[in-house]
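A single chain comes next, written as structure tokens; it is the form predicted alone.
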């Protein structure tokens, strides 16, 4: 149908526009008929404005307006005037538009939920009707932030002499870590492509191809068990550089973060960012992505309790474990029920139990107090800076497990005591560096790469690859903000012999290496420069900038935690003919 096209936008009208004759296009957010006047809130991507129909002056328009319902699409022509009853809660609240003509462009069925920010509709319903959910102003704002993030990134890397290159979406399957999404080939029956978990190999090949500085905002895919902050397809800011060292990459990314936070939030981020080794992060905070906005650091109290008669502590120490604790300031207000809940929470991270001590009114309340004499308690109070009102939580286990348990409890207690709410508007950026190159997979009894198999070991640790692989440190680094990893990278292996050796240490035989990575090993032999890079999670960056804790909020058409797209019903079955073309047959379920 014919309609009058807008000459301005709903959300940008202000008091200085009074007297202007304008045309608007948009959706009906609400309609109120007060008899003498009909008010319609008209919404577009830029915001909302009140338009007014006066039945006394235009009975024809009032009659036509009787059909208007929420989410109808309209065009409206009229004149801007000051409101007699200003609404200071919205940017356009000082003016309104007196309608001189309008028409319905398209009608809408009754929406399954109001298109409003303050709704309590379940997430499944919102995802099923995602096109309606995305009309909500808060969602429109999230994607405005996402768009701005894109633009800042492109400008930043362009001015730093990077070239954008698109890497393949259909590639060779090289499973090492998460599972690949496989794509069957119709032409080469029985063979498969894989969707990229990252452009890792291709961006390294671009370095040996002489591009020297590459970036790409790229889709990646991982067929792994999902969590609330993960999706099977995600977007990352992918970066690689030649002839550089770690400092070059860290400084470059700090500059990007400073620019992003300033452009999007007008927030000044201070640089340089703190750098913390993996061991320090685990020893102090029980996490390789610690939240540094508050204290509650872990303290190793093994020596302080070594002489006690508490069997649990003695057994742990005898087996080479540690006794560690955190001081939850003000935590003595927690009830026994609360502490039991924390104990169950700790068990999710491998704890067998949880020891605790409360300090209140000059006394100690603890199930293990009878095993601790005055000298031990005094030493613990001093080491943990414990005072009246505090709660001490104690973990007794293998070193890393005890630290991980307390790291999780540290965050949980901060949430329960309102500490997280108090620091929600702060941003604390830092780097975690010097990760182990390997971690041991006890189930499969082999070493696996902590990051990925292309990460270079520290030069001084290369000799340990044969004798003590667990002690080899990686030239790897993660960027962390407020307890969340925003991205990670490393200096890469650029020597073919060392890369072959790395694959061997991961349990890959020569034939398997040739089948999966032979083309890459061969490429490394043709004058590969030293290089390194990083991948930043764009979805997580936008989530942090937008202030939401749900990654699905900032992805236009996300999947559920079970990998379903409720709007279009994927994944779905395909017809038999499609399978025949691909040379595939489904196994019947038993």
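Just so we're clear, the structure is a prediction, and the values are computed from it rather than from any experiment. Positions refer to the first chain, counted from 1.
Just so it is clear, the following notes concern the form predicted in complex with the RNA, a form of the same protein that is not shown.
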**Request:** Report the residue, out of 279, 100, 224, 461, that has at least one non-hydrogen atom within 4.5 angstroms of the RNA in the predicted complex.
**Result:** 224
**Option touching the RNA, based on a heavy atom within 4.5 Å in the predicted complex, out of 208, 465, 183, 127** = 127
**Fill in**
For the RNA in the predicted complex, the stretch among 387-395, 133-141, 427-435, 89-97 with residues bearing a heavy atom within 4.5 Å is 89-97
**Request:** Give a yes or no for residue 34: in the predicted complex, does one of its heavy atoms lie within 4.5 Å of a heavy atom belonging to the RNA?
**Result:** yes
**Asked** Taking the shortest heavy atom distance, is residue 110 within 4.5 Å of the RNA in the predicted complex?
**Response** yes
**Prompt:** residue 338 near the RNA in the predicted complex, any heavy atom under 4.5 Å?
**Reply:** no
**Message:** Test of understanding: in the predicted complex, would residue 566 fall inside 4.5 Å of the RNA by heavy atoms?
**Reply:** yes
**Message:** Would all three of 148, 316 and 477 be in contact with the RNA in the predicted complex, where contact means some heavy atom lies within 4.5 Å?
**Reply:** no
**Item:** Residues within 4.5 Å of the RNA in the predicted complex, restricted to 347-370 and counted by heavy atom
**Value:** 348, 349
